[in-house]
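A single chain comes next, written as structure tokens; it is the form predicted on its own.
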Amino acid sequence: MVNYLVKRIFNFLIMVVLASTLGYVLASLAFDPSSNYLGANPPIPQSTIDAKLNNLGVNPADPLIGRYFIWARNVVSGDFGLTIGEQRVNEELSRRIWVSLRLLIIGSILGSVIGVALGVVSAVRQYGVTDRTASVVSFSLLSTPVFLLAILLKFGAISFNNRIGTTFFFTIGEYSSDFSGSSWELLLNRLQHLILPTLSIALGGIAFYSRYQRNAMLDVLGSDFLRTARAKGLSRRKSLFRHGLRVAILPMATFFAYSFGLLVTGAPFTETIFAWNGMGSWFIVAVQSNDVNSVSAVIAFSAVLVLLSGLLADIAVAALDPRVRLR
């Protein structure tokens, strides 16, 4: 088991270096930071533009290989450089990471847990009312774009607030900027802001995981080892949860790990619509402003998170499946 983990960690470190390198190279080739200063009134002298870009370390006139090694050396020491607005990338990154994680952890866990449970129930009660209802709702959610689902939730919350005559669901921001009250009241205010964006993420996860878990569980229900367990005297419930679910849930560990890693930069619509200034919205702004250092930092962090999620998935699979440990 130890040798297996050591090999996986070594492979993931190599992949992180490759992904970060590729992200920086592509951003440097695709973006032109000097375009941010063109068309200014009064015009900015080219010497001033070059001085700014040299300070940022993103001057296209400099050789790419030299810029990359300087950037990589700084990253190894923990410095991602400056944004196009000459602010520290590290400060922006550390702030936005926690904004995104507060939103995504709850949504991802709710989506996966409820989705897996719904998928298991649908498989056990195949073609029943629960299964058919879950199928219709899941396919409807899967066919609805993320931004449309977020907008519908937002308008629905506004309509609900108007009907009850008070603001129960908040539709913008992490908390009310003019809020004043105790720490408990502030926590409640943050939770009210968290409901809608969390739902927009969780609903998609529930729909996806329930469909996949249903199919995986149906394959297990007809397996020989489950019939053998029943023949040895185990009840249907015990055989399903002790043997069937353990096998059927194995692929979901990998799906959940990688989907969570990708959500950090894959939820820009949700963050933008509900005005959560997290990693996704930052990535969009950085691309629009040709911000090489910020985009490279987001890509590097995403690579670490995705590959770390993959490592955790491998550990979970090894813990659930003894054949992996034996190999």
Partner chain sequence: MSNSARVIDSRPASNERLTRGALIRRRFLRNRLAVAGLIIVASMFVLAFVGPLFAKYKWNELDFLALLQPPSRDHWFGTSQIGGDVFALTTRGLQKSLIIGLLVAVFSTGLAAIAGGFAGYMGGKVDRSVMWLIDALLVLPSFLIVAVMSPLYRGRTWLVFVVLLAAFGWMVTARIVRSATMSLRERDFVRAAQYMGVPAHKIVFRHLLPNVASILIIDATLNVGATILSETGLSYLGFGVQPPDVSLGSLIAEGTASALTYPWLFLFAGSALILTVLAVSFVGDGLRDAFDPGSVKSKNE
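Positions refer to the first chain, counted from 1. In this text the structure is predicted, and so the values were computed from the model without any measurement.
Just so you know, the form predicted together with the partner chain exists too; it's not on screen, but the next bit is about it.
Asks: May I ask you to check whether L245 falls inside a 4.5 Å heavy atom distance of the partner chain in the predicted complex?
Replies: Answer no; every heavy atom of L245 is more than 4.5 Å from the partner chain in the predicted complex.
Asks: With the partner left out here, check for me: in the predicted complex, does some heavy atom of L53 sit within 4.5 Å of the partner chain?
Replies: Residue-level check for L53: no, no contact with the partner chain.
Asks: Using heavy atoms and a 4.5 Å limit, would one call Q288 a contact residue for the partner chain in the predicted complex?
Replies: Contact check for Q288: yes, within 4.5 Å of the partner chain in the predicted complex.
Asks: Can you check whether S176 is within 4.5 Å of the partner chain in the predicted complex, heavy atom basis?
Replies: No, S176 sits far enough from the partner chain in the predicted complex that none of its heavy atoms falls within 4.5 Å.
Asks: Based on heavy atom distances of at most 4.5 Å to the partner chain in the predicted complex, which listed stretch, 136 to 144, 68 to 76, 117 to 125, 222 to 230, is the contact stretch?
Replies: Of the options given, it is 136 to 144.
Asks: Can you pick out, from I172, L148, L187, I164, the residue that has a heavy atom within 4.5 Å of the partner chain in the predicted complex?
Replies: Flagged contact: L148.
Asks: Kindly confirm or deny that V6, L13 and A297 each have some heavy atom within 4.5 angstroms of the partner chain in the predicted complex.
Replies: So, no: the whole triplet misses the partner chain.
Asks: Which of the residues spanning 277 to 311 lie within 4.5 Å of the partner chain in the predicted complex, based on heavy atoms?
Replies: Going through 277 to 311 in order - heavy atoms within 4.5 Å of the partner chain in the predicted complex - the hits are F283, I284, V287, Q288, N290, V295, I299, S302, A303, V306, L307.
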